[in-house]
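Take a look at this single chain, the form predicted alone, given in structure tokens.
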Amino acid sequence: MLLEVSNVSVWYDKAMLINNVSMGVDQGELVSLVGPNGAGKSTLLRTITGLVAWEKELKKRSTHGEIKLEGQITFDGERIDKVPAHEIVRRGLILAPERRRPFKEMTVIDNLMVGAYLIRDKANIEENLEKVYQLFPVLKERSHQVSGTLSGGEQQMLAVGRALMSRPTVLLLDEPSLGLAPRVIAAIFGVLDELRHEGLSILLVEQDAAVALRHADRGYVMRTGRVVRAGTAGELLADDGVREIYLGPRHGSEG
């Protein structure tokens, strides 16, 4: 596996948010991590990218609670669970966080340039920018617009584009469809399909299991901090237990 999580557990004070989770993403796969709110999906992404470990160090310097981590995470054959978050980014694991979070007072182009801050070759930056504009033409149209004035869908495109500016090896996406209209969701997932076909590895956290699994190679279902199901996307979509809890009643063809 390109990215492998092995027996990872996370406690915030005495609350266990991740309970002995193992999962992985191989080269060129789109893997969906689905489940209800509070399942631990976002915490797992933050753990993989070193943000939970960073929070743990901050809490050591305060009197407000404690974070405990167990388990192992490897990326491209090397352990990264002891590696600082900024170094994990440098190695090519890039997170597009939940709820977009653009720098709202900055323009679209300035937001995109933030995503390229580790790249020193100007030619590479220009190449990456053209790729982002190709995937999301509206960002080129709005390049000098203040990002806080964009629609929710445009802000989500900006969040993905900003993450792509660093040319990630694995792109981690946290709830990209949250609060968006169906046509915008379809456009964003169309881009994810294209990126996956070009060889980018993607780990996608989604509450909308049906949408996520329809675009995935494989999936994991989380509930109360545990992985309770794993398999190909087809297997999970056909699993009556998964359908009952996450997908709703079985209907005819969805077209």
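Quick note: we count residues from 1 along the sequence shown, nothing fancier. Predicted model only: the values in this text are computed from it and were never measured.
From this point on, the text means the form predicted together with a small molecule, which you will not see here.
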Practice item. Report yes if any heavy atom of residue 55 sits within 4.5 Å of a heavy atom of the small molecule in the predicted bound form; otherwise report no. Key: yes
Review point. Do residue 23 and the small molecule share at least one heavy atom pair within 4.5 Å in the predicted bound form?
Key: no
**Study point:** Touches the small molecule in the predicted bound form: residue 40 (any heavy atom, 4.5 Å)
**Key:** yes
Review point. Residue 242: heavy atom within 4.5 Å of the small molecule in the predicted bound form?
Key: no
Study note, to complete from the structure: Contact with the small molecule in the predicted bound form, heavy atom within 4.5 Å, among 98, 127, 110, 76 goes to 98
**Study point:** Heavy atom of each of 36, 175 and 207 within 4.5 Å of the small molecule in the predicted bound form
**Key:** yes
**Study point:** Partner-proximal stretch of 211-219, 188-196, 226-234, 42-50 relative to the small molecule in the predicted bound form, 4.5 angstroms, heavy atom
**Key:** 42-50
